[in-house]
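Quick heads-up: it's one chain on its own, the form predicted alone, in C-alpha cells.
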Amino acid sequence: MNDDTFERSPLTVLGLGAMGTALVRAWLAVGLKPTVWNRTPGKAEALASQGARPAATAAEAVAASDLVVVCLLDDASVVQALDGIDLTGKDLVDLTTRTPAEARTRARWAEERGARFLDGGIMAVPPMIGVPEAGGYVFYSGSRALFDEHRATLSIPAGTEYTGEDPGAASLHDVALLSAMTGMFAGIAHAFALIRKSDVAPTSLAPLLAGWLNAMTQSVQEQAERLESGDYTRGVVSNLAMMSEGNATLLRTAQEQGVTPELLAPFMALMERRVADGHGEEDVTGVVELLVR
C-alpha cells in the first residue's frame, strides 16, 4: 500500500467482482477516490490507474475510511474478510446478497463490534450501475442515521430505496422481486419451448410475449389490494375455477409440442387445490394462502 493511500478516503469498497468494480467506477466518475481491496490483488491494481487506492489487506482498507461498502460473494465471505478487524466507529454498508435472517445476524454482529450497519439489495446488473436512466436502484435497511448521513454518496451508483430499520427488510424486498422474476423467466422459457420445433421464429414471438407480460403486470396491484382487503373475489374477471379448467388445454398443448410441463405443473396443482377447497370464484390471489406455512 502506498504511503498516500493511508490518507483518509471518502469510502472503502471491499470486493471487486463485476458489481463491486462497477460501483467503484461510478464513484470514480464523480471524482471520489475510494480505497479498494479484493482477495485477488490484480483487480484492485487495475482500478488504481483510474484513481482508486488499492489496499494490501482488508484491515488497511477498513482503516482508511469511515464508510465501508462490502460487496462480496456471500455472507460467509463477509465474516471471513472482516474477521479480527476493528470496526469501532465504522459505517458498514453490506451489499452482499443474503437472506433476511442472515442480514439481521450480520447487523447484530457489526453492532457488537462497534459499527453501524446498513444492509442492501441491489436491483440492477453491473452495466446499469452509474447510469441513472437505466433505472437501477438499491434497497437499504438498518440504521436510518447511517442511511441519511451517506445517502448522497450511496445514490451515485444507483437510486436508493430505504425499507426500514429492520436490517432484514432490504433482503426480503430483494428476494421477493428476484423470486417473481424467476417465476416470470420460467413462463418465458415454457413459451419459447412450445414454439421450438415449430415454424414460429422466437424473434417474432418475442414482442408479442413482452407486450402480453407487460399488460398482465396490472394484476400485481390488484392482487396486493385483494390481499390487504381479504376479499379475493372483488373485481374478479377470470375466476380461478375457469382458469384451472383452462389449464388442461395448456397441458395438452405442451404434450403435443413435446414439452415437459414441469415449470407450470406445481402452480397449476395449487390452483386445483384452491378450487377444491371451495374458492373457485376467487382469482389466483388465494393461492398465496397455500404457500404460507
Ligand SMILES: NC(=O)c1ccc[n+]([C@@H]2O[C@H](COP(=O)([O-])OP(=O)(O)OC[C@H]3O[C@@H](n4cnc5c(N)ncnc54)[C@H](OP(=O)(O)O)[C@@H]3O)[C@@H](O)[C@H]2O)c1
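We number the residues from 1 along the sequence you see. The shown structure was predicted, so the numbers you read here are calculated from the model rather than taken from an experiment.
Only in words, not in the display: the form predicted in complex with this ligand, which the text now covers.
In the predicted bound form, this ligand lies within 4.5 Å of some heavy atom of T40. Among heavy atoms of T96, some come within 4.5 Å of this ligand in the predicted bound form. At a distance threshold of 4.5 angstroms between non-hydrogen atoms, V125 is in contact with this ligand in the predicted bound form. For A269, no non-hydrogen atom is located within 4.5 Å of this ligand in the predicted bound form, even though that partner is not displayed. Here is the short version: of S219, S155, S77, T105, the single residue with a heavy atom within 4.5 Å of this ligand in the predicted bound form is S77. When this ligand is considered in the predicted bound form, only one residue from A170, A110, L118, C71 comes within 4.5 Å through any heavy atom, namely C71.
The stretch that touches this ligand in the predicted bound form, counting heavy atoms within 4.5 Å, is 96-104, out of 157-165, 96-104, 219-227, 191-199. Taking this ligand as it sits in the predicted bound form, the stretch 12-46 comes within 4.5 angstroms of it through a non-hydrogen atom at G15, L16, G17, A18, M19, G20, W37, N38, R39, T40, K43.
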